[in-house]
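This document opens with one chain alone, in structure tokens, the form predicted alone.
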Amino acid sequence: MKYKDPNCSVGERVEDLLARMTLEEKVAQCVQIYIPPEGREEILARIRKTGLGSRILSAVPLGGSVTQRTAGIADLNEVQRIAVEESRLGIPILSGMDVIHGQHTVFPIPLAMAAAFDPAALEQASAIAAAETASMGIHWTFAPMMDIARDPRWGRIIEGYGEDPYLGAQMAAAAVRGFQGELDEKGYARPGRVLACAKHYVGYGAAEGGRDYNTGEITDHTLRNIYLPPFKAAVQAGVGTVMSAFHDLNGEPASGSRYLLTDILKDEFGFEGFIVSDWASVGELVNHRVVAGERDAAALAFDAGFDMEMISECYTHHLAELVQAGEISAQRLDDAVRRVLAVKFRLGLFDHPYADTDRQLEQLPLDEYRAASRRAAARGMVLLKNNGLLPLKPDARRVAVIGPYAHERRTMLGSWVNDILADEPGTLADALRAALPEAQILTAPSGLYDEMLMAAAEADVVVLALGESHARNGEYNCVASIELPAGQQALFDALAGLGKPLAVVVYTGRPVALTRIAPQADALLLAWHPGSLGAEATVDVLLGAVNPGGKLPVSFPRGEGQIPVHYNHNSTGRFNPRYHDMPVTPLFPFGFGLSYTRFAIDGLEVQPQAVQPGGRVRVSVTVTNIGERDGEEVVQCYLQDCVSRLTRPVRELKGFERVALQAGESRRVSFELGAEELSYYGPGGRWVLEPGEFKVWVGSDSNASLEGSFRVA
């Protein structure tokens, strides 16, 4: 039996096993279910009879967003033992879980990781999450999420990498590499890694009104140029699975779209892993009213390209019947099963099916992981304004730390939390007290409005913690208004009236309207939901132990009336479409972020000035730290195709580099632009590189003004 021989290739083992399987056993590999306590024995009997493709470790569709108890190693091993030792073919079960930005050690939310403009840091964070996840006997995470999001009302903007396809693609590939690692010389995964899942395929971030699960309309031109690049990058990075989106796109549910799942993802992109539905989305095809019942839903989804169904059991009830009736070909079923089995073989589940009880979480270097989380949190924080108040002076004697998040713990973690207690993170007040042992830290633990004003009145400087709770963003937590929650603006207005030096820290998972706060605050720090060590990382930035270098991965609107507002909008026929009652520009543009030092970017060179379509252009600048502190700048390169057959963005990010410079130090930074950067999906439904003039800008945000040009012959 070759499938039991680890010396055979993955392909040989798959084909040998596939040839031995019955129709019912094949269907079982296309199913993922939850094992509830009340139905446990029935499901175990089912596993003994036909096996099972996968088990999801969540009892609810908002898994990871709510406090819940998941299976431990003993339970995982027991269920696996039944599959391996008591079923006919001994096919192991793939256990999956939502590990979005950390398992035990929680890193900043993905949007905050994108703000660091540092793919290597995200790769490290994902590798740490993988190590902790694997140590608990879990094989598969439903991450990274790479939906391009231009609407901050959408709660799940917290899970992705922002509004830009280039940044999103770089971060998506980094996360995949971090979770999965490199395969060994025989094509098998290395220990301590887990299977990644690129989601939600595709265009979910464009749901109308910023409402989860809602419909979307995206032209093929925009789909290809804006929303698909992160998924293509994930496939190129070797992602093992892809999850489809809930919504319908252009009138066709993503979970039933052969064009999206098979024509583009499998055939065009060459995706070799398997596609899994999102929670019950196959059954929800009935809700979309594109099918009349479960049988038709199974037929539509499977023909479209779904290889595994999550939770709803349309496949369990109808797939074998559909194959026997000839409505689904045996070849299509074999293709799906082949994909699932190949993943299981590559993960090493056939050779090492059980979780290693000698390598549990406690044996991992958790202190190192926590230190990495703290560094990542500080690096992703964005300084939006500073009139010199920050960093706080170390000789400050009376510091008021107040606001709704001054004593908050759970919100630090963000909306997706698994193996960490809500009371484990520190608070901002406690972290600042520990960092300034000689200072008097004035707080109002009760959160009463008057007590906070009293504390501020007695202080030399005020740190005000505003923002959003973890429960106000994430899945199914969308908002119609991006204003701060009730009472926060009134509190700020009252504090501003005291005339005290005022630093505002904003904890949030989405852009919020800071239009009335930014003009009056002396300093404004965007801290996001920063993770396990978020409070300590915030203090690192406030006191200057870390010089902030984060940049916005998404534009910050002045108010929801501007939405959508994004830097890479298309050129229009008439310049400056405007509002009567609000500027058209965002409050803070994409790529924006300040520092405690100052940088100069100059000496732009573009070589050569003319290239053939297959050639490459080098764009280089000198970046100099002209301030008095060491710091990091994110140098950003933007491109414009000056004349094109179809309307194109006014500018597009095509390169970035985060550069650490000592005070007074200079460095030359270069970006190479080739066919991939210069092409777009255009006329005739194909990728084109049109001859003509191109402009480039290099600077510190999307309003970069240092300009050059070149020509493609």
Ligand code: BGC
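Remember, it's a predicted structure, so these values are computed and weren't measured experimentally. Counting begins at 1, following the sequence as shown.
The same protein also exists as the form predicted together with this ligand; that form is not shown, yet it is the one meant from here on.
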| item | value |
| --- | --- |
| Among the candidates His200, Arg193, Arg339, Arg177, the residue which, in the predicted bound form, approaches this ligand to within 4.5 Å (heavy atoms) | His200 |
| Partner-contacting position among Tyr227, Phe246, Phe271, Tyr567 - heavy atom within 4.5 Å of this ligand in the predicted bound form | Phe246 |
| Partner-facing stretch of 86 to 94, 251 to 259, 526 to 534, 276 to 284, counted where any non-hydrogen atom is within 4.5 angstroms of this ligand in the predicted bound form | 276 to 284 |
| 4.5 angstroms heavy atom contact with this ligand in the predicted bound form for Ala459 | no |
| Distance check, Thr50 to this ligand in the predicted bound form, heavy atom within 4.5 Å | no |
| is_contact(Trp416, this ligand) in the predicted bound form, heavy atom dist at most 4.5 Å | yes |
| Interface membership of Tyr507, this ligand in the predicted bound form, 4.5 Å heavy atom rule | no |
| In the predicted bound form, residues of 281 to 315 near this ligand [heavy atom within 4.5 Å] | Met310 |
